[in-house]
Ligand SMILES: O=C(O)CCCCN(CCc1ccccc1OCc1ccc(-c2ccc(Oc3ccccc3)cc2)cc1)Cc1ccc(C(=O)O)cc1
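One chain comes next, on its own, written out as structure tokens in the form predicted alone.
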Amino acid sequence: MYGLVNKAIQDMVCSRFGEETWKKIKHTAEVDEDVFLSMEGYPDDITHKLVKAASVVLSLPASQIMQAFGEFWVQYTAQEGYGEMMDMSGDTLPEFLENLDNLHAHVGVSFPKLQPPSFECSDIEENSLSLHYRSNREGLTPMILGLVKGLGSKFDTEVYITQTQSRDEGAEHDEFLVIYKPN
């Protein structure tokens, strides 16, 4: 994963729990990096170690940390220079979700080794849709719950999301039911 992801985890932890907690997490994870460079590639294992260590240090389930990270990621990437690109990806939550693969293709110009997930929307109704998530990476599915909630905040839209299909339970890909109501 690119350093931008690990840097965002660090910023989330530091802003919510403080620098000392981040140091404990890094120590527990046995991660020696002093600084994560946004454009540098890092082994996925580092990210997984950081999340596991955060779970231990913060006494929270890893899935809850990943969900909080998903919400944080939306505002973080906007502040880190991707806000305009995000703004061009849709004016509403369903429009944005339908354009996620296009957004990742544009981001891939800056991050040539990017291995983004794939998203597809189906069963689109006035206030609901099914969101299909496909990824080669393990353990990131809870982040999608938070990501969609964070996007709900971005678009001033009330969001309820539930996972309806899971790769962990033998499905070909993960699927979510997203119910939304613009405020």
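Don't overthink the numbering: it's just position in the shown sequence, from 1. Predicted model only: the values in this text are computed from it and were never measured.
Keep in mind the form predicted in complex with the named molecule is missing from the figure; the text below concerns it.
Note on contacts: among Asn127, Ser38, Ser153, Gln64, the single residue with a heavy atom within 4.5 Å of the named molecule in the predicted complex is Ser38. None of the heavy atoms of Tyr180 is located within 4.5 Å of the named molecule in the predicted complex.
Using a 4.5 angstroms limit between non-hydrogen atoms, Leu114 touches the named molecule in the predicted complex. Interface residue remark: Leu140 is counted as part of the site for the named molecule in the predicted complex, having a heavy atom within 4.5 Å. With a 4.5 Å cutoff on heavy atoms, Met88 does not count as touching the named molecule in the predicted complex; it lies far away. Contacts with the named molecule in the predicted complex, taken as any heavy atom within 4.5 Å, map within 1-37 to Met1, Tyr2, Leu4, Val5.
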